[in-house]
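Only one chain is given next, in structure tokens, and it is the form predicted on its own.
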């Protein structure tokens, strides 16, 4: 066994990369990077019925989006592809036959079965859960090779982890019950047993197993929902681990520097979408204005707008006006749609609720506002306050109708800043549409 830290993520391509899998991959990646080791990707595709190339593709996409790059594998077009169990059948059969030759396994037709030795106490020290013991008498004989020639999970992972020189097996706590069986196989083959670290389960806020009712379970769905990969990375790191202080927002580099498997908790972690939104908002706020705008472009297009007709600098300034509002890129696009087009405003607001008396007052105010020689937010606000004081009305009685007419929303950035950014002519046009000038 190598003294170098070597870890692996070994998903089955029977579904997309889900939150639990991504969490496991992340902790393996962090441990490898923290110790200057290697992160190995292995696809466990021996379930011929459920494994598909499409699921494998989505898993790789999810890992790449999260920035969890793996370090080795078969060369594919100048890049490392993952190892695949389906391509290693000869290796599994070779070691199974060694166990048959030594009398530790037997044949039943085409299948190969390991004879579990009786009267043994199988024990290991888990990094997270501490000392765990199991009597071998409670275990049945272990199928190594099935009659179809493919290995079983418990056997294949032992052969793979040994031949790939994996030093730390970091995986979900649902595998704790498999570990004693695997240790028996390591010992039978005369191989060194790796260090095991089992990670806590991730539950929904109702403390039940994470499922669709708690929100998206596929990592790639979060990309399409407008989340920043650095935010998912940050939030997943906090599930079942903490840096030892009050920090909740950190970069990948900071996470690598702080990470330690010894700080992983045994208690099940709770996936809280509100907390993820908080973390995502913080990461979006840290972005440069231009990069934030580039990431929002697909979501403006998704709601039928044409951001390509504007400069990146203009789009960046639109988002700056939000002053931190919006927790996802999708929300940024939705909250600023009225800057890119008047059409969404017209769909949301009709002005039918303004009575004639109020309409007359608003026309007088807007005419005065539009005739100002200077078109700056501060001067518009000073003029508005003075005009309202003189007429004996509240500022919100003119500011709210202006907000509705320009944005179609009850909440927006400072409405006089919005008016200045849109420009006097556009403001006049929108007010005119509602018969307010």
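Numbering follows the first chain given and starts at 1. Just so it is clear, the model here is predicted, and its values are computed rather than measured.
The form predicted together with glutamic acid (GLU) is left out here; the points below concern that form.
Contact with glutamic acid (GLU) in the predicted complex, judged as any non-hydrogen atom within 4.5 angstroms, is confined among 253-261, 169-177, 86-94, 270-278 to 169-177. This chain appears without its partner; in the predicted complex, the one residue of 129, 153, 191, 335 with a heavy atom within 4.5 Å of glutamic acid (GLU) is 153. Residue 157 is the only one of 231, 105, 157, 293 with a heavy atom lying within 4.5 Å of glutamic acid (GLU) in the predicted complex.
In the predicted complex, glutamic acid (GLU) sits beyond 4.5 Å of every heavy atom of residue 56. Residue contact check for residue 8: one or more of its heavy atoms lie within 4.5 Å of glutamic acid (GLU) in the predicted complex. Taking non-hydrogen atoms only, residue 44 approaches glutamic acid (GLU) to within 4.5 angstroms in the predicted complex. For the stretch 12-26, the set of residues having any non-hydrogen atom within 4.5 angstroms of glutamic acid (GLU) in the predicted complex comprises only 12.
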